[in-house]
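Next comes just one chain, in structure tokens: the form predicted on its own.
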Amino acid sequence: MKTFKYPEVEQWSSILMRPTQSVSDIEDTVEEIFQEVKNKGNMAVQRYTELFDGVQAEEFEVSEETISAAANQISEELKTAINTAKSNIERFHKSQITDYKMVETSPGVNCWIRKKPIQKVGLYIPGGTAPLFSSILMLAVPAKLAGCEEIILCSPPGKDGTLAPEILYTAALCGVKKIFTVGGIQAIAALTFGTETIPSVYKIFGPGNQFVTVAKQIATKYGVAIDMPAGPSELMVVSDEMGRADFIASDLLSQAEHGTDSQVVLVTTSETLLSEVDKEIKKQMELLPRKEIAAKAIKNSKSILVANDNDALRIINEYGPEHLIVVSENESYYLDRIMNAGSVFVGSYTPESAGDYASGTNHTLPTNGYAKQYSGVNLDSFLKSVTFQKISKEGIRNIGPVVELMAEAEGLQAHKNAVSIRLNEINK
């Protein structure tokens, strides 16, 4: 990790830069693939699956028999773990269900709001080097709770051309029935336009690499909504001298092993801790099966020594991390003032990986600084708010003259007439 000691405020933006390509760097490639999938459907998806994944695919949809058989390919212990995680995630997301409330804004004028499910949603589940079946829980559980009618799942094939049994078992557990072995840009394009076999959807969810992230953003040009621009994973740890170096190093490495384009950042007020964490990272990394991936991510990562909690807080809000761990004697100082973070983990015994799997919060979060504008996935992500109103004769008498005056002032005579004709009828 690159170390910066007491950097000037003017240096912060350059120090905190992500190791990611911009949309413009990738956009031409994504657009080309989108157009080919739009025009050629499955044929284009097959071509790019062979090109990017090295797999020749005749069919993309996973059969019911294959899905059912997956349950026999994983251990009972793992099934129990997945079920426990699902229960916690379900409990937390159920707590987000809200009832509508009718409000009488003026006598005789009643307004209310009701949440309706997005009917067709697509779930993108990363695969390849690490099939993230936990992401199915994070997306399918709230989708089901929201009442989405059609849930389409896409995930890239492994080297043998199939999906991991853990992905199939978890999808079945969550009630997902339409599963397709396709990933990358071509999966997002298929969900956007639809193909002969893969249905189009109204909104696409799920994390992915830089290419998937840009593909999701391009999808919005074609009328498909997305959850957020969720790209390579990132973690920031903020700690004072009370932090344990071995704990912090393990947290930083847990994100670094996601991919070579991941980034982790340590911000601390303790020079001793900064040095100890660096030693622990080197020690723990040697034991990781994915140490080559973690090592490349660590090269993109930063350790920053700051003078006080105020500077640390300002760096947090400047960076807007996807995940933030806070270990500090002044815990409440941070929790009261953090403005920009996807998900916050508080205290030494709250590892970020708990949120990745089983504590109950959602791990589909904004990255690349988008925590400044976006929320992580939650129940409302799968819902739309529809407003309703009903106005009685008394109500139109009360607000009618207001509408007439405002419409006339804006030069919209037909708007005024729509009220006037009703008032005239009532006044007869």
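Given the structure is predicted, the values throughout are model-derived calculations rather than measurements. Position 1 is the first residue in the sequence shown; the rest follow in order.
The next section is about a form of this same protein that is not shown, the form predicted in complex with a further copy of the same chain.
Contact with a further copy of the same chain in the predicted complex, defined as a heavy atom within 4.5 Å, is made by all three of Y100, E331 and A414. Though the partner is left out of this view, S353 does reach within 4.5 Å of a further copy of the same chain in the predicted complex, counting heavy atoms only. The closest non-hydrogen atom of F247 lies within 4.5 Å of a further copy of the same chain in the predicted complex. At least one heavy atom of L253 is located within 4.5 Å of a further copy of the same chain in the predicted complex. The shortest heavy atom separation between I26 and a further copy of the same chain in the predicted complex exceeds 4.5 Å.
Between 295 to 303, 189 to 197, 151 to 159, 218 to 226, the stretch whose residues reach within 4.5 angstroms of a further copy of the same chain in the predicted complex through a non-hydrogen atom is 218 to 226. In terms of contact with a further copy of the same chain in the predicted complex, the residue from L145, V109, L173, L313 that brings a heavy atom within 4.5 Å is V109.
In the predicted complex, E77, L78, A81, I82, T84 are the residues of 69 to 84 with at least one heavy atom within 4.5 Å of a further copy of the same chain, listed from first to last.
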